[in-house]
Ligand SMILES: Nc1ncnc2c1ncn2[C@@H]1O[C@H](COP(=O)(O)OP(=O)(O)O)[C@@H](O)[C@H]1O
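What follows is a single chain, given as structure tokens, in the form predicted on its own.
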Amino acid sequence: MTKLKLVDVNYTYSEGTPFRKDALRNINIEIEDNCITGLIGHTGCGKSTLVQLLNGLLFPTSGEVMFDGNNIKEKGYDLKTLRHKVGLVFQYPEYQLFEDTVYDDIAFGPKNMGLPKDEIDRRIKEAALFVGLEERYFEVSPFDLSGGQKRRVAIAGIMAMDPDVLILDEPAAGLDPIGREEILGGIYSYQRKRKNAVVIVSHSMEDMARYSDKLIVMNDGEVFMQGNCREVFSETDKLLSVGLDVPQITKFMRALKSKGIDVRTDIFTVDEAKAEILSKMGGCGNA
């Protein structure tokens, strides 16, 4: 089921001035329920502008943003409710923390939704579990935490609102490999349990190959490609032609193919590559 749909969307900054800039052109995409959608592309390609359209922080210059079949720009549309249902975590969200304790920061959104205390408490504990934040930090000031811990608090605060659509702009930016895996793995577990729609903005092809069900590839303000991971990453030459990349394991399989080894090249995870290579060896080798 489609939760969010953009139809013929264009967005222009500073329209009518000498500084006019077309940020998005002719965007037609669908964000599906029970699906992790990866949004990838170079810096400046329009990704961050696009995600701000999804919960009404920005409105399109032309075209329609539809949530549950309703145009969010219609007069009288309840944008407050929309922003409860479409939660957006900005890049480096740790800079947006402001409460005295971790618990209160995570609770801020659910409290504003008017939820009872016991439900707020349940949501806080569940969200903290998803992001790997121990309850012993609940009474600590968020400003006394490490950068990675602060980010977990910020993400948990949006998760605790239980949005129909969770949007995260580069949630693993600047983290070490262990931190990246913990944050993205937690988001993956959260989506698989909640079965809602999740959108992850990222530069990392490896991360998107591992955690996404569907990809939308942006280039110069337009949708360049979209489809499932196999469909997108099998178009290696097309991606490379606009300066984008593919997972390293895909490159490795292509290199094997170029050496005359008859392997599939539409592979984008290490586990798939291992299975393919073992199959060509007649199943020999250690598991």
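Computed from a prediction, not measured in an experiment: that's the story for all the values here. Note that residue numbering follows the sequence shown and begins at 1.
One more form of this protein, predicted together with this ligand, exists but is not displayed; see below.
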Decide whether Gly44 counts as a contact residue for this ligand in the predicted complex under a heavy atom distance cut-off of 4.5 Å. yes
Check whether Lys274 has any heavy atom within 4.5 Å of a heavy atom of this ligand in the predicted complex, and answer yes or no. no
Are any of the heavy atoms in Thr49 no more than 4.5 Å from a heavy atom of this ligand in the predicted complex? yes
Is Ala23 near this ligand? Define near as a heavy atom within 4.5 Å, in the predicted complex. yes
Segment assignment from 234-242, 256-264, 36-44, 60-68: heavy atom within 4.5 Å of this ligand in the predicted complex: 36-44
